[in-house]
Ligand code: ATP
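Here we start with a single chain on its own, the form predicted alone, put down as structure tokens.
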């Protein structure tokens, strides 16, 4: 029996713009994706019965084909006609349905794990090509780092790394449907768009303050009016000294960028004691 342990890292969107709704129903996006050191853990081991078995620490998550991890493993095992099975233990830390690509990152880790367990020899680029069949965020979650994402999110251009800072993450006790957010977004009526090109220039210069100042997410025009607690969390982070605070993805998670560790620690303590956020993390 072979075994491998993997970390499936979360992402935030430093900038998220929607350009238009396409004829196929998807939305054309332009956004800056950033991996952060908050991660789920996957333990994968070979099995002799030819089955895919998945278990997780969260009872409400599906463990069959409705789970992206299962589908990712099956995708490669079917393609390469692997006769052995695989057992997968998934321990979740990334908030679920939170705009942080937790499910996509778990699927990306499963692709990497199957590739290594069965010596398939696929490159990162080849895994990314297969990952988009699972979800638009999966290719980025395979690649990781900092990247400009275009198309439906699958066209990726690597960018210079984000300047070092402290990132406070706060998820309120609500779940937001990505389908609801995009379904209610009027892309053609958006009056303001984040300066993605300006953020790219800030990354090239290593200018954290400019990067933070230019943060923007057009999906907030839908999610924030529907869930006012998101605005409250953003305002509290700014009061605590964040350079800026914004919703990640379709929400409801909010993240704030801090230069000073002491301010970030104090904000973390406040949110840990406050009722607005159900899950709070501080990463650097």
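Residue numbers count along the first chain shown, from 1. Not measured: the values here are computed from a predicted model.
Just so it is clear, the following notes concern the form predicted together with the ligand, a form of the same protein that is not shown.
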Is residue 170 part of the interface with the ligand in the predicted complex - any heavy atom within 4.5 Å? no
Given that the ligand is not shown alongside this chain, does residue 153 nevertheless sit within 4.5 Å of it in the predicted complex, heavy atom to heavy atom? no
Using a 4.5 Å heavy atom cut-off, state whether residue 97 contacts the ligand in the predicted complex. yes
Does residue 90 reach the ligand in the predicted complex if we count a contact as any heavy atom within 4.5 Å? yes
Just to confirm, with a 4.5 Å cut-off on non-hydrogen atoms, which of 62, 228, 50, 37 contacts the ligand in the predicted complex? 62
Non-hydrogen atom within 4.5 Å of the ligand in the predicted complex for each of 66, 102 and 137: yes
Tell me which stretch of 24-32, 232-240, 66-74, 255-263 has a heavy atom within 4.5 angstroms of the ligand in the predicted complex. 66-74
